[in-house]
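Take a look at this single chain in structure tokens; it is the form predicted alone.
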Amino acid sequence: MRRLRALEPLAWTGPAVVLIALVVLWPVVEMIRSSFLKINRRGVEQGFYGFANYDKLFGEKDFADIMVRSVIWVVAVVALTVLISLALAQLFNQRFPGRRVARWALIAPWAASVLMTAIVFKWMLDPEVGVINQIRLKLGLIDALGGAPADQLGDASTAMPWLIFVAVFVSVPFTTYALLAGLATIPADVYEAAKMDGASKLRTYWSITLPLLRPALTVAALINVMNVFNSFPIIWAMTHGQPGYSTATSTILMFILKGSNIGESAAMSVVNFGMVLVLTVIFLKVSRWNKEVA
């Protein structure tokens, strides 16, 4: 009977463990295994291929640029998202007329499909009929529609900022609400004590709000790091990683390689997986997530 009672928790945790094994662990194992196989375009395995897929991947002329761009993409989107969300969370934590409507409006970009949002922005940036270029034309920023100056997604120097903007646009709502939840857990008497000590608003925010907000901030930023690094719909819908590979990230390269070499695409997936782990560890180290607030 004691042994049976000791096994009782398995009845509750067992299904979750099995689900994690099937949904998370098994795909990872298959991904790593596939990266060492020779697989034709139809998905038929043709035997062990050693490190040939990795050699071919690292030999791609654009590989290094794409990896650097992927890191810049993640850092830029996450940093801007967190900064904007901190400001919005602080704003929406105050009482003002129309606050409830403003909070509801903030949900819209989050509730909409990311792919749909990317397509809408692509239409808005259309060099012929896009509303953004119509406005630019009326402001005298471009001379005519349809030319190279109007094709902002056709040049990496203008396309990447727009891609980052859209990524931030869809990431801000979740991050803001996560930080709002964190702000709600901060006791009011802490602020009263700071006020009695004569602390300024800036000093109070820096010394009290931010440290106490760190758990929520860490979780929100970490989720953003993983989501943005693996982001596919925005870039693919707006530029397909073009021109050339100038707006492609490692996730886009992985998808492109899938059409010609599944084994090499699997190798890119393994590299992506490793990069996410590295970025996550670096972020946790920098954020000092496990340090208690004094």
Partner chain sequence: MRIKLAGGAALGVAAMLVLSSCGSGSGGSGSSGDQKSSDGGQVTLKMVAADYGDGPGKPNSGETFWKGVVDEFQAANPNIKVEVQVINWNDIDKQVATMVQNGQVPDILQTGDYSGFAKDDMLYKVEEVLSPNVSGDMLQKFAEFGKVDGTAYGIPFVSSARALFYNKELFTKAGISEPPKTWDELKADAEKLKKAGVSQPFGLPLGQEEAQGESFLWMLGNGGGYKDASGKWAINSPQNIETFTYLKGLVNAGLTTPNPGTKDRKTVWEDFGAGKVGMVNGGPMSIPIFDAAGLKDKYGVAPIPGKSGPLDTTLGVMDWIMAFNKNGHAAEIKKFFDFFYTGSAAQKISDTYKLLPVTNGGIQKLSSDEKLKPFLDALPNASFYPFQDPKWADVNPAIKQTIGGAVKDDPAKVLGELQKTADAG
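Residue numbers count along the first chain shown, from 1. The structure displayed is predicted, hence computed values, not measured ones.
Just so you know, the form predicted together with the partner chain exists too; it's not on screen, but the next bit is about it.
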Quick one: does residue 145 come within 4.5 Å of the partner chain in the predicted bound form, counting heavy atoms only? yes
Is residue 57 near the partner chain? Define near as a heavy atom within 4.5 Å, in the predicted bound form. no
Residue 243 within 4.5 Å of the partner chain in the predicted bound form, heavy atoms: yes
Contact label in the predicted bound form: residue 128 to the partner chain, heavy atom within 4.5 Å: yes
Of 32, 52, 67, 256, the one that lies within 4.5 Å of the partner chain in the predicted bound form (heavy atoms): 256
Note which of 154, 161, 211, 109 lies within 4.5 Å of the partner chain in the predicted bound form, where distance is taken over heavy atoms; exactly one does. 154
Contact stretch among 73-81, 120-128, 86-94, 197-205 - heavy atom within 4.5 Å of the partner chain in the predicted bound form: 120-128
Enumerate the residues of 37-75 that have a non-hydrogen atom within 4.5 Å of the partner chain in the predicted bound form, in sequence order, or give none. 39, 40, 41, 42, 43, 44, 45, 46, 61
